Each structure stands twice: as structure tokens, then as C-alpha cells.
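Here we start with a single chain on its own, the form predicted on its own, put down as C-alpha cells.
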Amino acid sequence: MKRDEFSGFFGVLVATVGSAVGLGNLWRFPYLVGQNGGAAFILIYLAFVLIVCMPIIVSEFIIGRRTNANTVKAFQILAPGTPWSIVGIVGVVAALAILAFYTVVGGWTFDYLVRSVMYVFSKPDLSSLEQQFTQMVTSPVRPILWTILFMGVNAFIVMCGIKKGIEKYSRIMMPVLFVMVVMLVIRSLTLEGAREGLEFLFRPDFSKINTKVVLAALGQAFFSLSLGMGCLITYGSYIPKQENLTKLAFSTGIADTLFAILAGIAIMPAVFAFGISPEEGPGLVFIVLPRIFAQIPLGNVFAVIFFAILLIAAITSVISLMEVVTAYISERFTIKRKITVAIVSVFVTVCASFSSLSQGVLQEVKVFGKTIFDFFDHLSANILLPLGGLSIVIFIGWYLKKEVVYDEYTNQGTLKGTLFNACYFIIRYIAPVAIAVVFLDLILR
């Protein structure tokens, strides 16, 4: 049976950018910028995206397209009879671990979008907003219902397949996402006092740079681009043979970074305009921003736009994670796609329900000293993703023959091997060291 594949360059691009652009860009990036000195952090982040991350994206694309297989089978094909397939299994487990808590946050976003439409955030009362958020996340029923609805949307898209599902809806959602982010940027820039926020974002203070800032920038660049979790290997397996992998990798990295910076421009001028600390942290999205929206003309409209942006970003990321698991189970056990998606959806929903309950009635239940929600977060971000990313670059740089890598890089010699030697050098020597440093920092933190 012929595997489904993307229709062409734009189809691949919107899907891979959709995978990369998620809550990490629109939620985590702005507050990390705030906590790590603004523009100096952004410059270091950009350097890591260009120098370290893009060659890793190429590596994952090469593994996927060379084999036209799921993330586990890909390693079995390229390294038969070796333990390298464990790397693929790590990717599947990482995807499941992320889905177990990420879908809960997706449910919160769905809840906040609906409440924005209902004009709930009309009063800039900080204590009231904090109370609303706490009541929502600790409720034993409400967030689970929203999580189920959120999973249902993602399951429908993945059930439709690659071309008629993931690509089709990514082609719709990603342009809409871009337009809405630009609308939010324009509104933020028209606020009195917005200039200070722009200076914070784009006037670097290199005295802020230290080891902590460098590691935070490298970690955010790595995780923002969905590296090490099998998404890009899986999507790579659906890329047509004639597409230029280097061009795709650079386009993905640039588009993802553009979204992250636009998110910063949309949020930081508003934060400064209302005298709020840019170091506010994760509460920035669900507590501080609704407070800002309540104080500006047409704020409710922009609240709806903002939470719609968050929801779309969450969906495009989750469908890529679901595809990693779906492709593996469907091909490994020869199960129809729709049945596989149903099985994966039920399993993830059960895990996500426990994650949600750990914010409230199950908060005393600990797994290695962490709540269930925090355990899945820590397991994926601090262990499985860097482990998977490190294994991938070692596999490409040190195990797979250079001729094989070059052959796929150049589309069997039909393209010039521009930047191949530089890319291969980074994959072999620089990327493993960079990932190992982040890995150790995350473990020892």
C-alpha cells in the first residue's frame, strides 16, 4: 500500500511550521525573553537556530525521507539488527508524554477562548483573574471536558490523513494564525508606552549575558523547533523526493523564529505600557494578558483573537505529535488509521485527565516527587527530547555513512551540495556538544 505524502513544498512547510509553532512560541518565548534580558537573549536564540538547529532539522528530514517510514521503522531500515531503533521508540514515548500534559493546556486555551467570546474578562481585577484561573485548572470536571473537546478536534484532522487532513487544515490554520498575530502586533504597537517594550526587545544589553541566558536560549531554540521527538522524522517520511530538504529546513526555522518574535512584539509593548514586569513568567498568558485586554478599547475583541491564536498553535503542534504515534502503531500492527487514531486519542485523554486532576484533587499524588502534570512535562522536556536529539545527530554524524547522507541531501545528486560540509560538520561536532550541555544543565538544575 502506497503511503500518503504531502503535495509539495508549501504543504510540507505549513505542516512543519505548524508543528514547530506552538505554545512554546506564543507563551513560553515572550516570558523567557522577559526573564533573560530581552534583546540579548533574542540574538543568542537566533544564532542557535541558524547554527545548531537547522542542521538537526535537515538530519531528521533525511532519516524520514530516506526510509519513507515511521520513526521506529526508519532506524530499523537504516541500521538493521542494531539497537538504534530505540531512538525511534524514545520519540514515540516523548510524543505521548508531551500529549499527556500539552492537551490539558490546549483545553485551558479552549476554555479561555470561549470565555473571551462571552466577555468574561471585562474587569481588570488581578485577584479575580488569578482566582478564575485557579478555579478552572483545579476543577475536577471542567478542564477535562475541554481537553476531550480539544482532543476531538485533533483526532478528526489526523484521521483524515496527511494530504486531506494535516496538510489541508494546516494550509488554512497557519495563514489565519499569521494574520491574527499581525493584528495583535498592530494593536499592541498603538498603545501609549509601547516604545519601551520595543526597546526591551530590540536594544541588546550584553551585560545581561551569562551562562544561564545562553543555556535558556539554546534550550528554547531546540524545543521550539520540535527537535528530538520524532515529529520531523515522521513528517520527513511524507516529503516528496524532489523537494529540497535544506530549503525546507531553513524555511521552517525562519518561519518559526518569525512567529516567536512577532509574539514578543505582540505581548511585550502591552506589558510595558501597563507597567507590568516582563519577568512575569507563565502566568503572563492566562492572568496578566486578560487584565491588559480588559483595560484597552476593543480589548475583548483582541482577547478573542489572542486565545484563538493560542488554540490554533496548540492544534497544529498536537496533530504532529499524534501523527508520530499514529504512524508507528498503524504501520507496526497494520491497523487502519481511523482505528489507530481512536485508540491513541482515548489513551492520551486518560493520561491527560490524570494530569488535569493533579492540579486539584490529585495534587498530593507524586511521581518521583512531582505532580503527574509536572512529571510528564519534566520527562519529555528534560530527558526524552534532549536524549532523542542527541541520539539523532550522533546517528547521522557518526553511524550513517556520509555518502548516504549526501545522497539524500542532494536528492540523489540532482541538487548542488551547497553548505553540505558545513552542515555535516555541525551535525558531527557542534550539535552533539550543544545538546549534551543543555541535557546536563536540565538534569542537574
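Keep in mind that what you see is a predicted model, and the values were worked out from it rather than measured. The numbering used is simple: start at 1 and walk along the sequence shown.
In what follows, reference is made to the form predicted together with a small molecule, a form of this protein that is not presented.
Visitor: Check A20, L23 and L321: does every one of them have a heavy atom within 4.5 Å of the small molecule in the predicted complex?
Guide: So, yes: the whole triplet contacts the small molecule.
Visitor: Quick check for you: of 80-88, 335-343, 226-234, 156-164, which stretch puts a non-hydrogen atom within 4.5 Å of the small molecule in the predicted complex?
Guide: That would be stretch 226-234.
Visitor: Just to confirm, with a 4.5 Å cut-off on non-hydrogen atoms, which of Y102, F259, F307, F150 contacts the small molecule in the predicted complex?
Guide: For this set of options, the contacting one is Y102.
Visitor: Since exactly one of T326, S188, S317, T109 fits, which has a heavy atom within 4.5 Å of the small molecule in the predicted complex?
Guide: For this set of options, the contacting one is S317.
Visitor: According to a 4.5 angstroms non-hydrogen atom cut-off, is I98 in contact with the small molecule in the predicted complex?
Guide: Within the cut-off, so yes.
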